[in-house]
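Have a look below at one chain only, the form predicted alone, in structure tokens format.
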């Protein structure tokens, strides 16, 4: 049986990078596997800071899941903190983990640089919670970007380590990294990824940006020297914009390059902005419809949490029995 699990933190603003790099894969995969579980990972959202509008953000993320195409006939969605088994399994897995392997996590090193004595224990420890998220549901496959592959590898290591002592407990998950999915970079700096918690709104195109704001952001997106509209290693900014154009239009890069031979950056940016607007318009309309009925959305999430309860409780009960917890 193929079961996928994935989730997004309810921090910042969902943007095109989130859609093209993650959610679009989920939408496709949900029709190719036996079961899909998608989570709003709210406990991960408090490792660095406590967002003021966290509960509102949770509903927003869930609404976008549905607006973008998560099909409730094929997938389950719920909020991580609705299932206490996540935290309980994370504590147990802590006791099978080492300080050394957590200290080697790239994202921890980046986010704690220069302030290791003041960052939260949660930031150090959150890969264990992520491992618990995955292992709790017996996920066979985990769609992730390259930046999260290391965390799935830790989940694999913990599953194997536990299984070596208590055989046949966890399914060892495989990361799904779709080579055809291009990593979307920041509009204002193609050396960095598009970031929903970025300091500048000109870093990203948010899923809920208005047409006017999209045009403004794309017009201000950085470009490379020269005037050729091509995707090349020496033209990272244009490569990024072409990747976005390809992602929202469904067209390949070569055909887009051919369309803009002899044209300037201005023409290209205008066309790109209009393509993004066209792409987001139906999703924005669906989102507004879903978020307008928060009671219905809460029920969807509550029902989702109940539907995964048997899987979570079965896994946790087996783990506790094998290590001798309880009487």
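Fair warning: this is a prediction, and the values are worked out from it, not measured in the lab. Numbering follows the first chain given and starts at 1.
From this point on, the text means the form predicted together with tryptophanyl-5'AMP, which you will not see here.
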(message) Just to confirm, with a 4.5 Å cut-off on non-hydrogen atoms, which of 109, 183, 254, 232 contacts tryptophanyl-5'AMP in the model of the complex?
(response) 183
(message) Just to be sure I understand the contacts: of 74, 193, 161, 215, which is the one whose heavy atoms reach within 4.5 angstroms of tryptophanyl-5'AMP in the model of the complex?
(response) 193
(message) Although the partner isn't part of this model, could you tell me whether residue 147 comes within 4.5 Å of tryptophanyl-5'AMP in the model of the complex, counting any heavy atom of the residue?
(response) yes
(message) Given that tryptophanyl-5'AMP is not shown alongside this chain, does residue 319 nevertheless sit within 4.5 Å of it in the model of the complex, heavy atom to heavy atom?
(response) no
(request) Report yes if any heavy atom of residue 221 sits within 4.5 Å of a heavy atom of tryptophanyl-5'AMP in the model of the complex; otherwise report no. (result) no
(request) Indicate whether tryptophanyl-5'AMP has at least one heavy atom within 4.5 Å of a heavy atom of residue 245 in the model of the complex. (result) no
(request) Could you tell me which of 245-253, 193-201, 221-229, 95-103 sits within 4.5 Å of tryptophanyl-5'AMP in the model of the complex, going by non-hydrogen atoms? (result) 193-201
(request) Could you list the residues in 112-130 that come within 4.5 Å of tryptophanyl-5'AMP in the model of the complex, counting only heavy atoms and keeping sequence order? (result) 126, 130
